[in-house]
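What follows is one chain in structure tokens, specifically the form predicted on its own.
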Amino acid sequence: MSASPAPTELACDIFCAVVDNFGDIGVCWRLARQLRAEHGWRVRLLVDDLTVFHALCPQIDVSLDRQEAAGVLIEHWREPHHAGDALEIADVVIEAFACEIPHAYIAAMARRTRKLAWINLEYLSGEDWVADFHMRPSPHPRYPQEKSFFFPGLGAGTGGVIRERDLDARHARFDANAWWRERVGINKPDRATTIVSLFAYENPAVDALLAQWRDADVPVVLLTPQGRVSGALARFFGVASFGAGASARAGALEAHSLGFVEQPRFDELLWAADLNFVRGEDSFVRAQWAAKPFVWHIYPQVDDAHVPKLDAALAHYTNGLDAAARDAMTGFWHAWNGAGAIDWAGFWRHRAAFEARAAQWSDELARIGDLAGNLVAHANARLAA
């Protein structure tokens, strides 16, 4: 007997536990919106921290347990509330980044008569082993349920990364001059100036980098969203604070602080700069699609477990660069992540090579397919099996 076709409008529950600031919810929110807008799924996002979510999406009311935004149903996830028998179990259940969905919900999944697809969405990695484990099934030890592991990645045989269908069109329509006047209040600097966006965790290397920009031969204009690095900028410029709207100048460095950039407009910040410093996973992906040179501040892990992940990303991103440019980028990324000394001049002298590689890499990454589309295909295959 042939399997019944999958419903045309699947219901999907995404469980998200906010662990790393905006990274976890940032990825889940992008994915939820894309599954709804591009694939027609009925998506519910269950998230345990609405306060952090509100910063990314000001439409979110932190006082509400249940609400809707961008066509996605949002629920404040509190175990065991919103779990188990009280819910209609979805066709596709996604537990993001190894969060533990409530036992009552899993038990209800096992009682469901119609087949479902249970997917563990993993963290992004460029490491080679990811392709070997991508989409592997794992049976539940107690219930007749099987979940599969879905790995975002930077190479063939992985789930790829999030990329909306209209991204290129939005980029083509972007008016950098208008953006600068609206968001910064000044005209866009000319090509003789290097424009840098800085979105970073606290970082011991930032003082040395600011000093090198101050003493640089080529002017640097710095754009930094208000956040965890703002205190370092305040100390460097000798001011009490460096919040949204603040500006300061020292030598060749001119810095402007922006208000927190809401997620749908974060791409514009990356498009407006010549070089982007990003952190975590969500902004790391957006920097690659911006097709501009970037520097990644990876989330640090115990016993330097993050270093192989950093090096794997570098291996993909620097492939094709000549030895000098590759070594300069590798050394700079490592220094920004706490291993080595920052050398701005040695890094940025390869600007032309970095710009060419950034555009080339964006095209290479697109060939893997986007995460949402790949996940939809996987879920449909699971439901039809």
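Keep in mind it's a predicted model, so treat the numbers as computed, not measured. Note that residue numbering follows the sequence shown and begins at 1.
One more form of this protein exists, namely the form predicted together with 2'-deoxy-thymidine-beta-L-rhamnose (TRH); it is left out here, but the text below deals with it.
A.B. asks: If contact means a heavy atom within 4.5 Å, which one of 272-280, 111-119, 68-76, 162-170 is the stretch that engages 2'-deoxy-thymidine-beta-L-rhamnose (TRH) in the model of the complex?
C.D. replies: Result for this chain: 272-280.
A.B. asks: Within 4.5 Å of 2'-deoxy-thymidine-beta-L-rhamnose (TRH) in the model of the complex, heavy atoms considered, which of 180, 236, 123, 289?
C.D. replies: That would be 123.
A.B. asks: Which residue among 101, 89, 261, 206 has a heavy atom within 4.5 angstroms of 2'-deoxy-thymidine-beta-L-rhamnose (TRH) in the model of the complex?
C.D. replies: Checked against the cut-off, the match is 261.
A.B. asks: Does the trio 22, 56 and 225 actually contact 2'-deoxy-thymidine-beta-L-rhamnose (TRH) in the model of the complex, every residue with a heavy atom within 4.5 Å?
C.D. replies: Every listed residue reaches 2'-deoxy-thymidine-beta-L-rhamnose (TRH) in the model of the complex, so yes.
A.B. asks: At the 4.5 Å heavy atom threshold, is residue 149 in contact with 2'-deoxy-thymidine-beta-L-rhamnose (TRH) in the model of the complex?
C.D. replies: Judged by the heavy-atom cut-off of 4.5 Å, residue 149 is well away from 2'-deoxy-thymidine-beta-L-rhamnose (TRH) in the model of the complex.
A.B. asks: My question is simply whether residue 294 lines the interface with 2'-deoxy-thymidine-beta-L-rhamnose (TRH) in the model of the complex - judged by any non-hydrogen atom within 4.5 Å.
C.D. replies: No.
A.B. asks: Tell me, yes or no, whether residue 199 is in contact with 2'-deoxy-thymidine-beta-L-rhamnose (TRH) in the model of the complex, where a contact means a heavy atom of each within 4.5 Å.
C.D. replies: Close contact exists here: in the model of the complex, residue 199 approaches 2'-deoxy-thymidine-beta-L-rhamnose (TRH) to within 4.5 Å, heavy atoms only.
A.B. asks: Please run the contact check for residue 213 against 2'-deoxy-thymidine-beta-L-rhamnose (TRH) in the model of the complex: heavy atoms, 4.5 angstroms, yes or no?
C.D. replies: No, residue 213 stays farther than 4.5 Å from 2'-deoxy-thymidine-beta-L-rhamnose (TRH) in the model of the complex.
A.B. asks: Which residues from 287-314 come close to 2'-deoxy-thymidine-beta-L-rhamnose (TRH) in the model of the complex, meaning a heavy atom within 4.5 Å?
C.D. replies: Only a single residue, 299, comes within 4.5 Å of the partner.
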